[in-house]
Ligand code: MEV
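Starting off, we have a lone chain in the form predicted alone, written out as structure tokens.
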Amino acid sequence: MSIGSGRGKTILFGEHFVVYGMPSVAAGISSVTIAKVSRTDSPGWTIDDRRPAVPGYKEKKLNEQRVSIDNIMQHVCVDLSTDGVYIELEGDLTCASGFGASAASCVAIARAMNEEYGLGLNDDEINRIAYEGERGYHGTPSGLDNTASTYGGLIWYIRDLSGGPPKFETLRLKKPMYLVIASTGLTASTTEVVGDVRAKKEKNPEWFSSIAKDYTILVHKARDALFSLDAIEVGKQMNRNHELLQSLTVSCDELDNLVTIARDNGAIGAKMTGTGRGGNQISLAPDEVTMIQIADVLKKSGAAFVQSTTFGI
């Protein structure tokens, strides 16, 4: 048996703005998916998926998961026509929208296959294979999730508006920061929300340009603060980022409520993350004790799901 792991991810800065070529910062979090691979006498692959998950997640993703694993097996170039593999998935990363769970499983499986068959793949090659696995879930993924899952740390991401490959820069902090991720339990259509923002931008370009200018300044301040481990400044920029996303009308009462509760209970920064109008909220804590405190309060306040984690290393 061989074992591989892949990290979850969250977006710290840049939702929606990244669509228009502005930088985004994502983090590979400490919560992971573990894959165990054992050889079998039967051809092909079988799987036992024991990952924790929000209700209905794994059932909804089942067909996509099959395509994803087929893609991984094809690109690791292991012949499963006579002998096969048995895959076990587990770990402390809960499968929920916005956590990069699919990418984490792709990275974990690719790493376990690499170890089991002595393929000698480096992280760049693992990342490339995980991207192919992600295509089973997302068609044409950005590559952000599998990159954060493979390398950890922080990912500075810029979309190429001319249609070329996006720019990824992997960054790493000297010590981790503490984060709480909470779910509203609401799911919004990314296509619809992004389309709505685009329509507002086209109707009032000056309005969007002013917000985008503020964001561009903000994200560079946040990057500098992350490198200097200035958590207070990072939190300040998270709060400002949330205000700008509110201006874009992509937050909602449920997200704003979680943000307020987190800030009132020790968070030094809190904002929505991801598509918005539902989905997840993140809170930056100054230390582990406060992280646990924030998580407990959010759970008691009705968040559909809460996960405490670290990021940056």
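What you see is a predicted model; the values in this text were computed from it and never measured. Start at 1 and count along the sequence shown; that's the residue number. For clarity, a rigid core is taken as the largest C-alpha set superposing within 1.5 Å between two forms.
Just so you know, the form predicted in complex with the named molecule exists too; it's not on screen, but the next bit is about it.
Fill in: Candidate from M291, A303, V297, I11 lying within 4.5 Å of the named molecule in the model of the complex - any heavy atom
Filtering the options by heavy-atom distance leaves I11.
Fill in: Interface stretch in the model of the complex with the named molecule - options 37-45, 274-282, 259-267, 54-62, non-hydrogen atom within 4.5 Å
Checking each option against the 4.5 Å cut-off leaves 274-282.
Worksheet item: Applying a 4.5 Å heavy atom distance criterion, does M22 contact the named molecule in the model of the complex?
Response: Heavy-atom contact with the named molecule at 4.5 Å: absent for M22.
Discussion item. Even though the partner isn't displayed, in the model of the complex is P141 close enough to the named molecule, meaning a heavy atom within 4.5 Å?
Written reply: Output for P141 is yes: heavy atoms within 4.5 Å of the named molecule.
Worksheet item: Could you tell me if A231 has a non-hydrogen atom within 4.5 Å of the named molecule in the model of the complex?
Response: No, A231 stays farther than 4.5 Å from the named molecule in the model of the complex.
Discussion item. Contact with the named molecule in the model of the complex for V194, defined as at least one heavy atom pair within 4.5 Å: yes or no?
Written reply: Output for V194 is yes: heavy atoms within 4.5 Å of the named molecule.
Worksheet entry | in the model of the complex, residues of 11-31 near the named molecule [heavy atom within 4.5 Å] | I11, E15, H16, V18, V19, in sequence order.
Discussion item. On a rigid core superposition, would G98 pass a 2 Å threshold for CA movement between this form and the one not shown?
Written reply: True for G98: a C-alpha shift of 2 Å or more.
Worksheet entry | Exceeds or equals 2 Å, Cα of L218 between this form and the one not shown, core fit | After core superposition, the displacement of the L218 C-alpha between this form and the one not shown stays below 2 Å, so no.
Practice prompt. Inspect the rigid-core superposition and answer whether the C-alpha of A148 shifts by 2 angstroms or more between this form and the one not shown.
Written response: A148 C-alpha, core-superposed: shift of 2 Å or more.
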